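Only one chain is included here, represented as structure tokens and corresponding to the form predicted on its own.
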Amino acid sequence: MPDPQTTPVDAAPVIATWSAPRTTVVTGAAGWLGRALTHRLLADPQRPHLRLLAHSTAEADDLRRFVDQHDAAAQRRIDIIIGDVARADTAARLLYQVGADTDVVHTAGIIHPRRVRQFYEINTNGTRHLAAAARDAGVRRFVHVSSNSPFGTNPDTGDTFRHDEPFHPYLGYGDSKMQGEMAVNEAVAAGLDATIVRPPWFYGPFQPPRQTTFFRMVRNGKFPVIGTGQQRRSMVYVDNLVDGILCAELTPAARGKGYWVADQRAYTVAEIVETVGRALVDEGLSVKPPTTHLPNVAALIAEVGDRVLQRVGVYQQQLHVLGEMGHTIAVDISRTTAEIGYVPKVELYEGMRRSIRWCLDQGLEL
């Protein structure tokens, strides 16, 4: 294991860190966050060997094209493993014969499934299998990407989650991610060196269609603002999130701890919609004034419907999103900065401009 070295982080305390490992394993590498992380790792000459998990042959082929396009060095070793993260044998194959100079970043997960059981198959069982395999393999560090959802929503618009909060999961996704965190903690108690990263709403390049839909709705004045839009939401640009993941990975003192990774402050929903609209205009697009304001009861009704459907195993994305929009989800990152040196570099306006620009560069219709 490399000896810790002291690395200053801009506007953060001096933090003792490890150097990059010989092998970096990434689950969910073909997904939104996984691609952003892989893109960063491919640009780092100190990462000689990447082992990436894809869910299917088609995903693996797409991921290989992505790697070939973005691997500037073209001399490192890239292994792409195909498998279902929910299966224990996939975790065993993924971590077969990795050494102690190996870090695992577990980004794989499902947010919007068709059936509620998929939350538990992937977010809970997948994490349990992978954490156990990582413990057995003796990896240096296991980074689990969780969520705000195991902690639910803030009780009022003025509240902010601190570093240590009790679990209070929000519906099936939150419960499955809570159980995933518990599985990681069990593996830590059994000897695994692991840390947990908890991002709220993140956005940015490599985004899925639902984020493009968000931009389109704001542009057309149809994004549903609940009440006056004073609900507060913590957000994080995907490159900032990658920064936070790497800080957690390379900081020895992060063992056994969990960290919020977000912007310095939370934004009201009204501010988010206004900022996205301004970013769209500044990227040369026309934007209609917001017209879709819904009463608070609309979110309450949606949430009740969501709970009823999830109790019988059915998940409906639009209903879930509308219900959650009535809540505040705000977090405090001060301890994340103090302990692992994470400082968000890109704030909301600039992040949204970069995201919109990426969409336009991809030929996506906004």
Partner chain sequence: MTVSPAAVPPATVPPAAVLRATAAMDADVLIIGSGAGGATTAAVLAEAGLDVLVVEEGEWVEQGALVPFSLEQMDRQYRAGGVTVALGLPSIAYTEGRCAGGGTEVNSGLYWRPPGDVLQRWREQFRIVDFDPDELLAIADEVERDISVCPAPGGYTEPSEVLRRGADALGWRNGEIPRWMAYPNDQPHGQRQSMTRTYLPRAMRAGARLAVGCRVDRLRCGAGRASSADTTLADGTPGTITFRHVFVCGGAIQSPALLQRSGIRGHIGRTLAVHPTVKLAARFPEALNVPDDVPVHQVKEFAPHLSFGGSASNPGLVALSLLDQWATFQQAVTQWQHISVYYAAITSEGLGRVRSFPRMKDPVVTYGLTLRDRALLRSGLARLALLMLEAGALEVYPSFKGAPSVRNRRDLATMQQAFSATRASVMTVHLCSTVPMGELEGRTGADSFGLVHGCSNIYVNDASLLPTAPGVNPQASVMAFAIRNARHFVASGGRRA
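Positions refer to the first chain, counted from 1. The structure displayed is predicted, hence computed values, not measured ones.
We do not show the form predicted in complex with its partner chain, though everything after this point is about it.
Quiz prompt | Single option in R278, R115, R76, H168 placed near its partner chain in the model of the complex, where near means a heavy atom within 4.5 Å | solution = In short, H168.
Self-check item: Residue (of V321, L309, L300, A338) lying close to its partner chain in the model of the complex, criterion heavy atoms within 4.5 Å
Solution: The residue from V321, L309, L300, A338 that makes the contact is L300.
Practice problem: Heavy atoms, 4.5 Å, its partner chain in the model of the complex: which of 181-189, 201-209, 246-254, 99-107 makes the cut? Say which one. | Solution: Flagged stretch: 181-189.
Quiz item: Applying a 4.5 Å heavy atom distance criterion, does D89 contact its partner chain in the model of the complex?
Solution: No, no contact at 4.5 Å.
Quiz item: Are any of the heavy atoms in K288 no more than 4.5 Å from a heavy atom of its partner chain in the model of the complex?
Solution: Taking the distances in the model of the complex, the answer for K288 is no, it never comes within 4.5 Å of its partner chain.
Quiz item: Though only this chain appears here, would T160 touch its partner chain in the model of the complex if you measure heavy atom gaps against 4.5 Å?
Solution: Within the cut-off, so yes.
Practice problem: Find out whether any non-hydrogen atom of P155 is located within 4.5 angstroms of its partner chain in the model of the complex, and reply yes or no. | Solution: The answer is yes: P155 has a heavy atom within 4.5 Å of its partner chain.
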